[in-house]
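Only one chain is shown below, in structure tokens, and it's the form predicted alone.
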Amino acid sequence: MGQFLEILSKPDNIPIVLLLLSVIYFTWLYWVKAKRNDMATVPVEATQDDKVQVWPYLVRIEFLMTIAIMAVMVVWSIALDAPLEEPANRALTPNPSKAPWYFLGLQELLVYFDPWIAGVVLPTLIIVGLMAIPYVDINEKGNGYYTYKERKFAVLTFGFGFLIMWVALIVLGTFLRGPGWNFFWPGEVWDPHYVAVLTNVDLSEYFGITTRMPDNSLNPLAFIFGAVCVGGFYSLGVLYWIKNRNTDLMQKLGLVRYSVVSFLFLSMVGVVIKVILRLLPTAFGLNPVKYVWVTPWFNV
């Protein structure tokens, strides 16, 4: 545990710890305000008249905060050494070699996916999904005030995507990935000589279907098995549409917008399922799953 506390207190990790604390605080603050509005007849924000003039009131507050932040930064720079290392040496690679904290989530995904998926496809889906939000969000409620009751799907989806799929991966990559990008629980010593022996298998092999034939060619049964798994997973969105297509929500949303929302949501859930399939079997002494669907062109 001493080494874990040392990792937390490293100068370049202290800002990450503070950011995590701020995430916890603002998440808690949202739920408090959302609960208050959901229990009231009229949102509390609608009854508040908190408008002030920019000059001098807002400018004065911003000026005082600027001075306070400058004072904190001066004390910080005196109390903590800059996290500088020795000059770069092309003959000596740092172990572990980590990206900046804001990219650690993507670097962690490289453990579970091929580089083109983790580094290209998933970031693209994130950007496209964020761009699509104004066009697929048909709920007019919740604008200008905090609420959970009137925007359950949006709140839970954002919380799941941000807290679980982004913040949690950053925490995992920063504090629990040690030398060799091996996983170390808090309290375990980061042994630079530790080598984890893992035998990854494809999902089809759990069902007795080998991925490769004796001549190393792809087994057609494994290809079909993976296609059925992936296709069946995404067909859940189709089945949900068939079951609820006559509801007011689906009629207002429309097939195109529903298809976009369904694809992005299922893709997000699929990433978590893939991570679980990679990590969970090791807890029971089983081989982790490498791929669900193996094809001649790509692997998922």
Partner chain sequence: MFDQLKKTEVYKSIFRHSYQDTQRNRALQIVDNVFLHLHPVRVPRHATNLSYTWGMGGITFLLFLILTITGVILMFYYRPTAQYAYEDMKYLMNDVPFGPLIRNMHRWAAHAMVLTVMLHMFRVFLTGSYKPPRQFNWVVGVLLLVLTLLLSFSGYLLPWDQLSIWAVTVGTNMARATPLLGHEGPLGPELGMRIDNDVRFVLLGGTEVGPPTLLRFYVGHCIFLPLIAVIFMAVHFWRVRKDGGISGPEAAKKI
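Bear in mind the structure is a predicted one, so any value in this text is a computation, not a measurement. C-alpha atoms forming the largest set that superposes within 1.5 Å between two forms make up the rigid core. Residue numbers count along the first chain shown, from 1.
Below: the form predicted in complex with the partner chain, not depicted.
K.L.:
So, in the predicted bound form, is F162 in contact with the partner chain at a 4.5 angstroms heavy atom limit?
P.N.:
Answer yes; at least one heavy atom of F162 falls within 4.5 Å of the partner chain in the predicted bound form.
K.L.:
Would Q251 count as touching the partner chain in the predicted bound form under a 4.5 Å heavy atom rule?
P.N.:
Judged by the heavy-atom cut-off of 4.5 Å, Q251 is well away from the partner chain in the predicted bound form.
K.L.:
Should Y234 be classed as touching the partner chain in the predicted bound form when contacts are defined as heavy atoms within 4.5 Å?
P.N.:
Residue-level check for Y234: no, no contact with the partner chain.
K.L.:
Should I276 be classed as touching the partner chain in the predicted bound form when contacts are defined as heavy atoms within 4.5 Å?
P.N.:
Because no heavy atom of I276 falls inside 4.5 Å of the partner chain in the predicted bound form, the answer is no.
K.L.:
If the criterion is a non-hydrogen atom within 4.5 angstroms, does every one of E188, L266 and T282 touch the partner chain in the predicted bound form?
P.N.:
No residue of the spot touches the partner chain in the predicted bound form.
K.L.:
Which of V32, V238, L58, A40 has a heavy atom within 4.5 Å of the partner chain in the predicted bound form?
P.N.:
Here the answer is residue option L58.
K.L.:
Though the partner is not shown here, which residues of 24 to 59 have a heavy atom within 4.5 Å of the partner chain in the predicted bound form?
P.N.:
The stretch touches the partner through F26, T27, L29, Y30, K33, P43, E45, A46, T47, Q48, D49, D50, K51, V52, Q53, V54, W55, P56, Y57, L58, V59.
K.L.:
If the two forms are fitted on the core, does L80 show a Cα displacement reaching 2 angstroms between the shown form and the other one?
P.N.:
Comparing the forms between the shown form and the other one, which are aligned on their rigid core, L80 does shift its C-alpha by 2 Å or more.
K.L.:
Is there a C-alpha shift of 2 Å or more at A46 between the shown form and the other one once the rigid core is superposed?
P.N.:
No, shifts by less than 2 Å.
K.L.:
Is the shift of L29 between the shown form and the other one large enough to count as movement, that is, does its C-alpha move by 2 Å or more after the core is superposed?
P.N.:
No.
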